[in-house]
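Next up: a single chain in structure tokens, the form predicted on its own.
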């Protein structure tokens, strides 16, 4: 790991690519307490189009770029739209990374994913597990795109000497998440299922799979803090894991969410649906060694998310239904 001077954000022009998404919005919130100049396109840019990205970057010349833009989704979305997940993510990341090189960007932080690691990997998963075994088939398209982004950052560092780094977060949740049952990740999907079961007076709700897979969850505000920390304090081609250090079985997570929501019925499992990777917890010793740790526990984080869901998603949908 290279010993380098801290990257001072004071007066820097910073672009969060994907600033409208869950991670992007968390990054913007976190960066607002820094003495930097946040820049963003006045109109939406299709990041899959090279000319549009290069024109924006040439005009803006950001000093620091966070690549938080991506097409994301859960098992169902990945499994049914593989071409979109591979093509869109490849184009987004390659366009931004190359445009950053052309624009003379001083630092770039590429956001990967814990799904880059093999389906069966020693637990907790250390950074050197990358490319040591087959991927989880239900999200391999997204994973392959993210691996390509990591390798592109490493290649640009090697060939051009650019300070481009990559961070790999565990499963994320937080405000502005996707709560659509057809395309969401597990935690927001469970929040919606539990809430709707409570509202309907149902005696149970059903979760995908056996409920036994173990997962690690990180609140998006903790992720944003970690990414800013790395931008300031890390400069190396080696990837860095970002996680909470705790794991929970999906069935236990569903029951935690049910308690938070106030749903008193049963939680059933559907073994005909896929489980995905049996266990996935990241080894975060590298990041901890640099001096960063998370601050939002799962109980607290789930309570915050449910409050946000009620005040935003439920309120919006209820208002729309009333207006109709």
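Positions refer to the first chain, counted from 1. Quantities reported herein were computed from a predicted structural model and do not represent experimental measurements.
The same protein has a further form, the form predicted together with a small molecule, not shown here; the description that follows concerns it.
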| item | value |
| --- | --- |
| Non-hydrogen atom within 4.5 angstroms of the small molecule in the model of the complex for each of 129, 166 and 283 | no |
| The unique member of 94, 171, 235, 154 whose heavy atoms fall within 4.5 Å of the small molecule in the model of the complex | 171 |
| Selected contact from 41, 274, 262, 265, since only one has a non-hydrogen atom within 4.5 angstroms of the small molecule in the model of the complex | 274 |
| Distance check, residue 124 to the small molecule in the model of the complex, heavy atom within 4.5 Å | no |
| 4.5 Å heavy atom contact, residue 241 to the small molecule in the model of the complex | no |
| Interface membership of residue 193, the small molecule in the model of the complex, 4.5 Å heavy atom rule | yes |
| Any non-hydrogen atom of residue 74 within 4.5 angstroms of the small molecule in the model of the complex | yes |
| Contact segment among 223-231, 157-165, 109-117, 195-203, judged by heavy atoms lying within 4.5 Å of the small molecule in the model of the complex | 109-117 |
